[in-house]
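Presented as structure tokens, the chain that follows is alone, the form predicted alone.
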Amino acid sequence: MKLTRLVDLSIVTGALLGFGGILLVYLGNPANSGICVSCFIENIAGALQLHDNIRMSYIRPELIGFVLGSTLMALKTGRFRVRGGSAPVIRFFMGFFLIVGCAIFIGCPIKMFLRLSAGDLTAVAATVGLVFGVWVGVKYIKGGFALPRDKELRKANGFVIPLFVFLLFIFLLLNPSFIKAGQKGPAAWHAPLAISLLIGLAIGAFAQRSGLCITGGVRNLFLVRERTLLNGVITAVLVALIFSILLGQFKFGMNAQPASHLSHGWTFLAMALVGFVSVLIDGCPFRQLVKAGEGDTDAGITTLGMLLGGGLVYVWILGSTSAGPTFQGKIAVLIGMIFAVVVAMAFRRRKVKAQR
């Protein structure tokens, strides 16, 4: 019964993600970017003046909803368990490299399936790369990789990230002078605040209960042949496909797709990095936000690393454009992959041979 309920929750969460992603585009969000954790983090970084690209500066209420929806659900169900202390510095840099990989593809794993569902074939290389990265991560897990175990912490620690996100919500409402909001470009393309927030809250709440994670679904399939989370991911893709067609957002092909490029090799490698890192730290960018909301301070550290990444991909010009990735972006992906491999090898637990 419990497993059946979890499967149902995963499917409901996936349906919300798929429908919400398409509906938000219909209501004003950028094309194929109804929900994109990496893009929205870049927007928030700009709003906080961590970069100076005003066209990408806006406090996205969807991400606020993901975190606070998770917090409210965890508190309501008694699942707000504060823990942390598992290699925080490593997780911080892993968060940074998650955003670097997403910036090369121009989208997170959620945006990847939304682009696929809208007919964008440039996302095929990203999907293959993500799955490959997850497969590599699973190989290291089977080989003994594990970061240090976390531990229970004082409850106040778990409220730091939710309170920070709530402060962002206050900034969004009051619009103080030190918060920037673009009036042109992607930052100016957004659905009504109340609808965006409600969709984010609903998705965050259900994701907290179901544990839905884009990379987690693939990881569990490779690791233990378990399909619960993957069913939610597949549901998200199918629901997004249906509503993309119904709402006239489906455009099949590779050329002239919104926020895309044709450098498929670098797309593959960048999303392989995202998949690999996500397995090592137990969760894709979306899952990190949800875990941060439910009291996981390690996920909170990763989220802060992602926020820094959201700023530096613009300051250091690491993100791709329609012409493809920049030279420094390519170097950053390679450094990220090296960093992830070194971490994966350094934390492999060696089996001790029994003494005679």
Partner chain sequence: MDRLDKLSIAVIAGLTLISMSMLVNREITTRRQDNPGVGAKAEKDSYTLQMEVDKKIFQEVASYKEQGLYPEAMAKLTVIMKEHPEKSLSYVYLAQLYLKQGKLRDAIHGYRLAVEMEPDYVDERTPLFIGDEIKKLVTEGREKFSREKALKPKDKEVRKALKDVYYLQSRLAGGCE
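Since this is a predicted model, take the numbers as computed values, not measurements. Positions refer to the first chain, counted from 1.
The same protein also exists as the form predicted together with its partner chain; that form is not shown, yet it is the one meant from here on.
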{"property": "Any non-hydrogen atom of residue 77 within 4.5 angstroms of its partner chain in the predicted bound form", "result": "no"}
{"property": "Proximity of residue 259 to its partner chain in the predicted bound form, heavy atoms at 4.5 Å", "result": "yes"}
{"property": "Residue 48, heavy atom within 4.5 angstroms of its partner chain in the predicted bound form", "result": "no"}
{"property": "4.5 angstroms heavy atom contact with its partner chain in the predicted bound form for residue 85", "result": "no"}
{"property": "Of 146, 198, 163, 188, the one that lies within 4.5 Å of its partner chain in the predicted bound form (heavy atoms)", "result": "188"}
{"property": "Partner-contacting position among 174, 224, 89, 194 - heavy atom within 4.5 Å of its partner chain in the predicted bound form", "result": "174"}
{"property": "Contact segment among 103-111, 265-273, 153-161, 226-234, judged by heavy atoms lying within 4.5 Å of its partner chain in the predicted bound form", "result": "103-111"}
{"property": "Those residues of 11-41 which, in the predicted bound form, come within 4.5 Å of its partner chain by heavy atom", "result": "30, 31, 33, 39"}
